[in-house]
Structures are given as C-alpha cells and as structure tokens.
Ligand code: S3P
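We begin with a single chain expressed as structure tokens, specifically the form predicted on its own.
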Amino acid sequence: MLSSNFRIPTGFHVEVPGDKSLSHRSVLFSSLASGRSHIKGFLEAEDPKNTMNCFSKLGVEFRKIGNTEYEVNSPGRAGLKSPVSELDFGNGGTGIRLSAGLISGLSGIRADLTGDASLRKRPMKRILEPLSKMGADIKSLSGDGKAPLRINGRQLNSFSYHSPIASAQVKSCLMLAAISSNVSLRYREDELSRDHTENILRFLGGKIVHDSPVEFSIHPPFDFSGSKFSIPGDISSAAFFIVFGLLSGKGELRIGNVGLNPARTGILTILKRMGGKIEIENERMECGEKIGDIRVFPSELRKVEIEAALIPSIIDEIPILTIAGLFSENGFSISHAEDLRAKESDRIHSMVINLRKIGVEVDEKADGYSFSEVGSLSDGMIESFMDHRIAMSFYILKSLLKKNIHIDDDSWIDTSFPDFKKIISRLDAANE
C-alpha cells in the first residue's frame, strides 16, 4: 500500500474557514428575522457570498464590519421585496435549494433563481415536487427539472412529507418554506441528515417537536428578531487536513474551532475505525452547535465496511476519504452513495475517472466504487469537473507523494476554501 514521508512541522496549526452550511443558513435566517443581526465566522467564499448577494437584492442590508464579521439589517419576512434582476447563486447548490423554499413562501415575491453551468446541471426535482404539493408556484424554466427556477411566492399550506432521500437540503428547503409562510410542517426521513436548520430554529426560539431522531414537526409562530450567529470551522474543510495528518510520515497537526455536529462527524467515526489516531479537545457549545479542537497523528490505516446509515453524514467527505483509502491496507470501498452523483459533479464518475488516470484499477457501481490495495501510482492530469472537493482531494494526494499530479482547473476551490492552496504551500515549503 502507499505511504508518505511527508513531515508535519512542529506546532503546525490550521484554522479552517467557517462552516459553509451554517454560513448559508446565517444569511437566510438573518434575512427572515426583523431588525439587526450579527454574523461572526462567516465563510468568505464564493458560494455563501453569492447567497448573501442574492438576499441583498431582496432588500436585506449586509455590512462587513471585520474579518468574517457582518452586520445584517432586515425588514423581516413581511418586508422583503421582489428583486429587479435574477438571483445568481453561482455554484451553490445549498444556496439555491434552500432559498427556493424560503422565497416560495413569501406572498407577492417574484424571482428567477439561476447559477453557473455546473449548478444548472444539478437536479432540482427533489425540491420542486414537494414544494408544489405544498402549494408553491415554482417551475423549471429549462423544462427538465433543473435551474433556472421561476418562483411566484404565495401563501403555502401546512404539509406532511416523508422524504425518499436523506437530504439536509430537501429538509431545510421545506422547513424554510413553512417558516416564510408561517405554517406547520411534519417531516420524516429514513436516515438522519444534517440538522443545522433544526438547531438554528431552536436557537432562535422556534418550536420543534421530535417524534424520533428522523421525524419531527415545526409549528408557528415564526416571528424571529435579530440575533448573533457564531459560525465554527467547517468539518468538511477540516477533513482534508485530518486525512493529510493521518497519512503523513511524521508530526502532529492541530485544527482549531471545528464544528462537531453529530450529523457531520461520520468522517471522524470512519477514520478512527480505519486506525486513525484523532483526539478532540476543548469541546463546547455555541449557537446550538457542538464545536472543538482536533489533534491528528500519523497512522496506519486499513479498509473498513462503511454502512449505509453513515453515508448522509459523510457525503461531502467521500472524495478525501477515498484518498485515505489509497493508503489503506486492503484498499477502499464505498456503496449506498447514489447521492454522490447529484453533487457539484457526478462524484462517483469524477473520482473513478481520475483514479484510473493515475493508475488505480477501480470498479464503478451505480452507488459507489471500490479498489484493492494500491502499490504505486503514476503521474497524471486530474480533471476537476468544476468541483472544489475533487480538486482539493487530489491536491492532498499530490503533496503527500510529491508526484507530478496536476489539476486542470483549481479555481473551483475558492467556492469553499479560499486559503486552501496557501496552507498547502506552507506545508510543502517545510518539506523542501
């Protein structure tokens, strides 16, 4: 199996950018709330900034007051207005899907929602169908269930929905639709997806009743006032350096102030099962979210079985987890991950194509892929497929092995982690 001689410099400390999921939601909830809000730790990357720009067109004022800090002034949901131009969410699937729900429930608001070429390829039927059943006037302008979307906001109906997929985006979309129309929602999923929206709702004083971990209801009134949002580091961004530290030959890596929401820590569970030495320190709660500091030590990894129940909690980390699999005894296998095909790229296809380019024999399946223990890799040109997580995953591999692995377009990294390449450069410089 592969191994690396990379050395982590003594005392090396990484601060990853703010959680992308929470950054999007801080914009949405501060826009729904009447009055002044404060956001600290906001991810100043393209995706959440696009969501912020879109809501400024709806009449919300965002003012930057410091590094990652913003003051928000909103008229509240009743005072939002129709934008005079289309709302462009760039590459942000979370931004467009959650915003579609919120805007659908705003009576009298008319808006067209769009994005870049990658976003316009992604499926929207998963939100269009339940929103329509809820009473929304929303349609795909392309006619194929994809963006651009046209919404004529109206008063929606109370709704009960059993989602066929465990998706935090679908769940949050419908929750925000109910909140903006001030109606009830009962929601059920078969596996627990991220619960950031539930946590923020509870933090703001909203009513949520759980019948089980995967079934709940929310009830009006949803009259929120301005609040203070503190956003921890994104564990999906931290995952790249957690894997980097585990696969390095020497040294210890520390990652501070990382969100540890139980619905997001599947990556830690799996890496520990694989033999990874990972320690959590300074655990605490902020704004309804668990956070802490992570210490990572070089470890020898082995293949483990990843059960279906864990897939929703690792769906964004599977590309970098695959890189860990290249260094694992007996290889790597992932299944039950059909939703990977509906991300920024078809990540099953993207990973398989790129692994084959560097000499890995990969067996592709409808819901995942697998490969046996890897002895060596060849040089190659990696296709990013307009996907930040694909690009970053192979950047990690390139640095660990010091091979001529090149990325065709790394600009997509800026959608979630603008300083990623700078941190990698610091590590590379310490090993020259």
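Computed from a predicted model, the values in this text were never measured in an experiment. The first residue of the shown sequence is 1; numbering continues from there.
Separately, the form predicted in complex with the ligand exists; it is not shown, and the next lines address it.
Of the candidates Arg341, Arg126, Arg273, Lys277, Arg126 is the one whose heavy atoms come within 4.5 Å of the ligand in the predicted bound form; the others do not. Of the listed positions (Ala136, Ala168, Ile358, Ile323), a single one reaches within 4.5 angstroms of the ligand by any non-hydrogen atom in the predicted bound form, namely Ala168.
In the predicted bound form, Thr415 stays away from the ligand, with no heavy atom inside 4.5 Å. Contact check for Asp316: a non-hydrogen atom falls within 4.5 Å of the ligand in the predicted bound form.
None of the heavy atoms of Ser248 is located within 4.5 Å of the ligand in the predicted bound form. Contact annotation: Arg194 falls within 4.5 Å of the ligand in the predicted bound form, judged by heavy atom distances. Note on the interface: of 7-15, 418-426, 405-413, 21-29, the segment with non-hydrogen atoms within 4.5 angstroms of the ligand in the predicted bound form is 21-29. Contacts between 229-255 and the ligand, taken as any heavy atom within 4.5 Å in the predicted bound form, involve no residue at all.
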